[in-house]
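Okay, so we've got a single protein chain in two different forms coming up as structure tokens, structure 1 first and structure 2 after it.
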Structure 1
Amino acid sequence: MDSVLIPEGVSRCSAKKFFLWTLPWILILIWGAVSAVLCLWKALNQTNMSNIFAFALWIVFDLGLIALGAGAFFTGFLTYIIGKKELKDIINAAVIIGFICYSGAMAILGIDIGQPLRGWFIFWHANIHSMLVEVSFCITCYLMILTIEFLPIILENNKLEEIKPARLFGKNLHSIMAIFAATGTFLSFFHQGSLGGMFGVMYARPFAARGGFYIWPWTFFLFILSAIATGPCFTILIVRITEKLTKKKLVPDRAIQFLAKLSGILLSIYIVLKITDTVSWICTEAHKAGLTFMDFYKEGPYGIWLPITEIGICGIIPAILLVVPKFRKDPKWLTIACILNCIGIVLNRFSFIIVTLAIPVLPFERFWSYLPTWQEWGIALASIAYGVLIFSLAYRYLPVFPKEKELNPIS
């Protein structure tokens, strides 16, 4: 039925099967849409956010998505700027994942702010001292670039390619992709950093506050490093899942192994720096604020398990798994490493957002608990459902994996 849209030379499941696969995600999307309407119409009292938890589930999703989406810029950088040929086999997937993550995050942000209709004040009345302005500038611009990067892939669709202007436009865009990739790299670098900076500069919040270099707190650099160490892993993970679901090999091992190795090295560096940062934070910022390490981990469910899981289980272990070729080359270990790595970065963002706000700074302020409402979950999960849908559609109708034909000849 939709066969004209399907790329040539590849096999896809039946339209009915595809529809059944999308159905649950569509339902989640509807749930999200209902939540969004409620939040926009009745205001944010629909959530369980509060003056204590000013940032909550949505921001965790936002930061998680943006960190995981870092695969796009980093792979783009390696492909177009450094010229790593083998990555051409995975760059499309990376770009689409990036696009999904960033557009999803932007959509959530649009609902998260109290006055979305005034959102553009960030640009018009920008306060250049705010890390969040830097973030907003960069992710908006970067989302434009991701769209531009995504566009040629869309235009390569069988049917769209028949339209000559579209085909030509796609080709022309593709030919100058290096310029966009370079700009995107620059933007990503800064906003990944300023996302970290956002927390590091909360100097009056001892859990988040960090010293640093010039105007950038250490979290600025740690966030960049952790994002580029994890982004490729997330790309690998998504490719792996797609391969599992489609029961096909889609990307040559070369590309995957290259990214995995790189991730491993970056993650190792990151972990060393993260531990150094943690230790120095305890000795300087926290110490100055009159707090000991354990003071931060005594409230509610946010115990010492958090840093242990984040740095140990989801940091050191995947770093080892990715660096040691024996493990890396074993698909099972590779998948485990990727999963742990991704969990680690989400936990890291979670701690910076939730724990920072949850632990009271005033000694006489009490601890408050927070559990998201169904509306919050609706919007958060909708971002995932949206991602799955976009990626599924892209996989079905677009030549996402250039080597698919080669690796899976139709007999």
Structure 2
Amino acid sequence: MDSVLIPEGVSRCSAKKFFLWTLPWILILIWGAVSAVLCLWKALNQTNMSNIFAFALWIVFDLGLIALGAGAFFTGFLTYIIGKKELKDIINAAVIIGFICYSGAMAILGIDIGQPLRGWFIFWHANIHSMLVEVSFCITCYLMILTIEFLPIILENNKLEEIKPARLFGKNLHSIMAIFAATGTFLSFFHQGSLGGMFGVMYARPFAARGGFYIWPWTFFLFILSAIATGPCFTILIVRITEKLTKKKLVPDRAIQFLAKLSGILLSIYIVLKITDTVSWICTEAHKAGLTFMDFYKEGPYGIWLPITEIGICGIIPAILLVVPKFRKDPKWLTIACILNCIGIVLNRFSFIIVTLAIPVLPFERFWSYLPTWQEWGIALASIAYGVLIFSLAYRYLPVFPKEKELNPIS
């Protein structure tokens, strides 16, 4: 039965090997499920969150997943709206990765709010003055769009295609995909920005507060730019890992190189603006609060290594590697650049979420540090295990890569 579900014309490992591959991820998922039950049953006292750290490990993973999942809307925009046909060879993978990231983020939020059965309050009793309400609406709607974009890929399974209504429905969805891509771009643009804008308007927290344009702080625009600069790299990285594990060529180099070059250009622009924003923040917001740059890093575990790593090692270096053709066309350097780029955006979100709350804002307060509980780690790591399982199942049973047959003919 397993072999019948595998797409025609391609080879896959045995069912036994596939089960052994999925087994550790299933165990991590079980760990996450146990952690989730404990948190929902015994409440958030299972975590180390407090009045100081209302946001913690979960939200770092949440915002990290949302940023890394930006490859879906950006690749969809380039494919269906701009008309970059070469990206059709990678768009399916980008959509699946986006679906995994956003559904995983939503699952984390369902546990984070403590009472997921009351999650509908966000929409029915919306606080129209809160950026998080706009984020909630946009993320929920965009997850629906990603589900719609994922559906025709599922319906291309060779057994499901034998069902005529399902086959026709899938083809009709494909024909109007540009509408969903445009809508997804609009929704993603605003929720990526509002996640950054939320920190920029925290004027009582000098570490996060920023000036801006009209009602939007600079962090609004920086979060958007960092997401579209990193999302394609995460898609490339997942494809490269899949190729390495399967020992196959799955996507033509022209699609990979186009995304990598564009990501390098966007990352270069972002790093220049990030450095400009940091210098401006030191001279304006921090100065107004009577603080210097080193005042934010003089104590606690969150030292000067954070901005150096984020901007220097995980920003400037991958930007150079992605922009220079000699490095970009070398698979090894391309992979290193993608890894560093992805680490950089996670560090950026970590800094805004954790460091913002760790730094004292009153003279009698002290620097704080945060250590997650095993329950928090279980739920966070379960989101990764969930992603690996979904992508593995999709690769095994769905035609994720249109050029796989052409690039890997079965002898």
Partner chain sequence: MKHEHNKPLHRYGMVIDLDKCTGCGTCVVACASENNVSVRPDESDKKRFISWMQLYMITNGKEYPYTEVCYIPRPCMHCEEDGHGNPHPPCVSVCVATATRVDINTGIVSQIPTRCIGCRYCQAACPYHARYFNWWDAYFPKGKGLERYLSPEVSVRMRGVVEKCTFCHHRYMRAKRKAEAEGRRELKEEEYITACTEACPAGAITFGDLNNPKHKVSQLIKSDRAFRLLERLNTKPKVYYLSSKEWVRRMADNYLPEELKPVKPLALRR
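When a residue number appears, read it as a position in the sequence of structure 1, where counting begins at 1. All values reported here derive from a predicted model rather than from experimental measurement. Throughout, rigid core stands for the largest set of C-alpha atoms superposing within 1.5 Å between the two forms.
- Of the two forms shown, the form predicted on its own is structure 2.
- Once both forms are fitted on their rigid core, the CA atom of Trp377 lies less than 2 Å apart between the two structures.
- For Phe367, the Cα shift between the two structures is 2.3 Å when the rigid core is held fixed in the overlay.
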